[in-house]
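Coming up is one lone chain in structure tokens, specifically the form predicted alone.
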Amino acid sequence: MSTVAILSRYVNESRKIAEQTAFRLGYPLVTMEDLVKGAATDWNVPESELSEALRGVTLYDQFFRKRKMKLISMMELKLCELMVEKPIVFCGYIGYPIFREISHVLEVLVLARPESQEKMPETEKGTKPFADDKILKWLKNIYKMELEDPNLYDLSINIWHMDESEGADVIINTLGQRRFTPTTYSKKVIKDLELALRIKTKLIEKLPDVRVKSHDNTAYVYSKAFKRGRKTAIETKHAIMWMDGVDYVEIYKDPKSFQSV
């Protein structure tokens, strides 16, 4: 079966749908908190620092953006590693660039009515959905994307039209479509992404604009810094040449050439 990625600024409501979906599929549920804890253990970094990187952009972030992006890359890597191991249900707002590359990941957007919360009717439990608008700003700043653009997802669920059990029904039924069946190629894509993220996490503090791809144990690396001097390119190549899973490294100075890889 395939991985389910549920993204939303309605944290509590999307979490309930994710819990139902994971339980009925027999999949592990992975949350933002799980990524924080996993990355903290893997990289010996305080959980508080990782959690701070997932919050809205502050003046601190503007001065220490390189560090913030490295912390985010650590958590993206952890997410990718978990997907390599087994199918999961993920609930959160990180990892969109990973999901879009993998054909057997079902990307789900959870929405509420577009009106303001003051105009929203109460749910059966007498509470209103809580929308965290800071998540919208975070996604736009980090991934340059609009979280609630339905064109970016395979499926959109409006929590005003169904409860969490019905939402899980829709997700599971959609997951049964043939297009979300894992293939040998799509499984290989995840492993390639994992290697690319390991390399990116190693380089991103020194090369904040670094972009990495990998195919068949070859790493393809681009940064504007490579135009400024041959030394930087050589040092970068040597830094990753001996990493596990890397047999060859190609350095790109031209973004168009890199994009065509």
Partner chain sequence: MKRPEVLLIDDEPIVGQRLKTGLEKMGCAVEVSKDPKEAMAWVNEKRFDIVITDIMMPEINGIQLLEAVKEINPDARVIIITGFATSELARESMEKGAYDMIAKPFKPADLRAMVAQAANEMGFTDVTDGQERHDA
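Numbering follows the first chain given and starts at 1. Because the structure is predicted, anything quoted here is derived from the model rather than measured.
There is another form of this protein, the form predicted together with its partner chain, and it is not shown here; the text below is about that form.
Asker: Sort through 102, 109, 139, 82 and report the residue having a heavy atom within 4.5 Å of its partner chain in the predicted bound form.
Answerer: The residue from 102, 109, 139, 82 that makes the contact is 102.
Asker: Looking in the predicted bound form, is its partner chain within 4.5 Å of a heavy atom from each of 181, 187 and 216?
Answerer: The answer is yes: all three residues contact the partner (heavy atom, 4.5 Å cut-off).
Asker: Given a 4.5 Å cut-off on heavy atoms, tell me which of 156-164, 67-75, 142-150, 171-179 is the interface stretch with its partner chain in the predicted bound form.
Answerer: Checking each option against the 4.5 Å cut-off leaves 171-179.
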